[in-house]
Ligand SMILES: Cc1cc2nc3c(=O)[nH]c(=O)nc-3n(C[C@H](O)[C@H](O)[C@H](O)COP(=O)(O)OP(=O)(O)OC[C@H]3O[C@@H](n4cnc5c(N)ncnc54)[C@H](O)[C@@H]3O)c2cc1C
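One chain comes next, on its own, written out as structure tokens in the form predicted alone.
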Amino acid sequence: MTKAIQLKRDGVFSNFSGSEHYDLIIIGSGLSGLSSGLMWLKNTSGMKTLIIEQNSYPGGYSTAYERDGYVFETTQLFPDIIDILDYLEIDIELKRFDKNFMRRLVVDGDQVDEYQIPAGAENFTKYLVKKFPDDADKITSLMDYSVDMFKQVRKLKANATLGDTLATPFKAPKVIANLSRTYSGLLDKFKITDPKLREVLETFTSFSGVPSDRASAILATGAMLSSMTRCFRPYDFFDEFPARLAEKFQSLGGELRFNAEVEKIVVDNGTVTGVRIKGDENMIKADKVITTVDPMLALKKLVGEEHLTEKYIQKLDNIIMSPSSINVALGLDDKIDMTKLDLDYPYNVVSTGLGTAEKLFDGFLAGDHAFSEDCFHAAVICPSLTTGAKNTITIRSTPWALSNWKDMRENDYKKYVAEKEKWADFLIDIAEKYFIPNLRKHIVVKDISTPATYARYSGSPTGSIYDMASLVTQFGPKRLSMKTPIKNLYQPKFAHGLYGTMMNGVQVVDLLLNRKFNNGNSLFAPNKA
């Protein structure tokens, strides 16, 4: 028997009191917004707090939805944030991927190399040494260095004092040495030249659609270790997680208002004073505001350039937001036995060889894409193997630019449908060829998301799905500060992914509370020196 459909997101309701004033308003009920609200209320007393969400449910990009009896999910991996869940007293049943983290295929013409990447840094090191014995010493040195560097990241202070800054070279020398280093540069440092080995190692930068020669070495290493050290997914549908966070937020006295689009962040003499909701006559006043939406939307549109300095506007204009995506969600009949296919990993990834990420990213920067039969990158995920629901798979591809997707959707819908069907067929062909033989004959339901979908859903002007791109040129101190030029307006932008978005909440609340909650630490370590 397959699991009955029971979406948790639809069980979270607005409890907006209609108050005219709040101590804190948070724009967006994605994981950054929910984490911020929860960390804030858990460490304050009697603070009136409101989260405003334009959609009818919480979760942002981390949710699930139903189409014709099939449930599709927008998130694949639950990284190692167990300590945060314990702190917030969030009880959620998780399946742990103990053995394998990823099935990775690399295509070079008719040749296909397969790698089954294990979970855990130590296991990954042993696996690579076995696969590439000639590079054993280089691999071991790289992985030891990476693990140590990530430990040093934990010693950093997000809200650094002068003393913290002066101490950083002594506490975290590897971090300082790699602030301007790309992940490709890190591999070069350890003289890793074997193209096949580099293909495997560079997998972790391609998740975000950024090539290794432009990705931050620190962020790529952190993404690898935080995701593969202990990786999970909920046994239930993925909307359960934000639903639990939202319910906990409300139980602590927080208010949620759904179906409310923020039209204006109100600023008076350089200080935020509240927000205006589209269709409402009066603004809602606030002492402090946190925005978790796209910075181009929040600062340039909701605040307005008239309140920003030319220098800050220029900084915004120079930011490269992460790429968008095309996702194909498929509901399959019960004639296919998914348990007999080797798909029970957080990710099944297939791409063409070394240089693919660079070509695809260049296509994105040019305002379009570079996908072709000879150049592609896609992931196939099968959540129904965990949930026990009707057979579903999701095929994800990135990087894509918004290009003319939005224009087609609004002005030539027939052409829009034809174009998205064309690329859905392209991705289905890839999944059928490399992962699921005869896939097409089992398809019952097909749901396609394009860059225009993401732009419409989130309000992002570019359809960005991962916030600011994880380029070394806009990482760490080069990222937008959580403090905006507007007094009492904050914009937590730590990193993308579930781990990064939870850290957004940790860091911004620690800033608001003058380091009394997390002692200024860059990662979660409440009340620890």
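All residue numbers are counted from 1 along the displayed sequence. None of these values were measured; they are calculated from a predicted model.
The same protein also exists as the form predicted in complex with this ligand; that form is not shown, yet it is the one meant from here on.
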property	result
This ligand in the predicted bound form: contacting segment from 71-79, 138-146, 331-339, 248-256, heavy atom within 4.5 Å	71-79
Residue among Thr462, Thr49, Ser32, Gln491 with a heavy atom within 4.5 Å of this ligand in the predicted bound form	Ser32
Asn178, Asn327, Thr203, Asn348 - the one with a heavy atom within 4.5 Å of this ligand in the predicted bound form	Asn327
4.5 angstroms heavy atom contact with this ligand in the predicted bound form for Phe150	no
Heavy atom of Ile27 within 4.5 Å of this ligand in the predicted bound form	yes
Contact label in the predicted bound form: Thr229 to this ligand, heavy atom within 4.5 Å	no
Proximity of Tyr61 to this ligand in the predicted bound form, heavy atoms at 4.5 Å	yes
